[in-house]
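In structure tokens, one chain follows: the form predicted alone.
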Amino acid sequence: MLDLAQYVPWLLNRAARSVADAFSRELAALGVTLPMWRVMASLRRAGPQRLGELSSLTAIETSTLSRLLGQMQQRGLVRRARSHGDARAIAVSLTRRAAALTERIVPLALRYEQAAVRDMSDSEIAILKRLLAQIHENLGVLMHDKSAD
């Protein structure tokens, strides 16, 4: 019998939802959605990216990401330009305005991470991060296997 209170996917979703809901409210006050933040944080860390790469970094499906980038471009948060390495590809980058906004949001994001791992030791946090990465990898393999059917 399935005990939802001990079911790992439900526990993951519940924890993620708690953080996302609270963080989203604070982001909204800054005029940013959670998916926009994921794009901004990814571009801040990785620099300009092509759509497919950015989709992988943000875990946002490509067509959804394309629409989101259009909205962000209209709001002056990202720019799209021909890639230097491939004239057919478009590279997405942050505008100065978005880079400054991202820097304002980083401490807030770190505050939410700290709240989420409060009362955990450094080694427990490292284990948690490793296990979450392993879950992601495991499910990626499962999804890859399903697409081969």
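None of these values were measured; they are calculated from a predicted model. One rule holds for the numbers: they count along the sequence shown, beginning at 1.
What follows is about the form predicted in complex with another copy of the chain, which we do not show.
Contact with another copy of the chain in the predicted complex, defined as any heavy atom within 4.5 Å, is confined among 91 to 99, 76 to 84, 114 to 122, 63 to 71 to 114 to 122.
Among heavy atoms of L30, none comes within 4.5 Å of another copy of the chain in the predicted complex. The closest heavy atom approach of R104 to another copy of the chain in the predicted complex falls outside 4.5 Å. In the predicted complex, another copy of the chain lies farther than 4.5 Å from every heavy atom of L51. In the predicted complex, the residues of 1 to 22 lying within 4.5 Å of another copy of the chain by at least one heavy atom are, in order, M1, L2, D3, L4, Q6, Y7, V8, P9, W10, L11, L12, N13, R14, A15, A16, R17, S18, V19, D21, A22.
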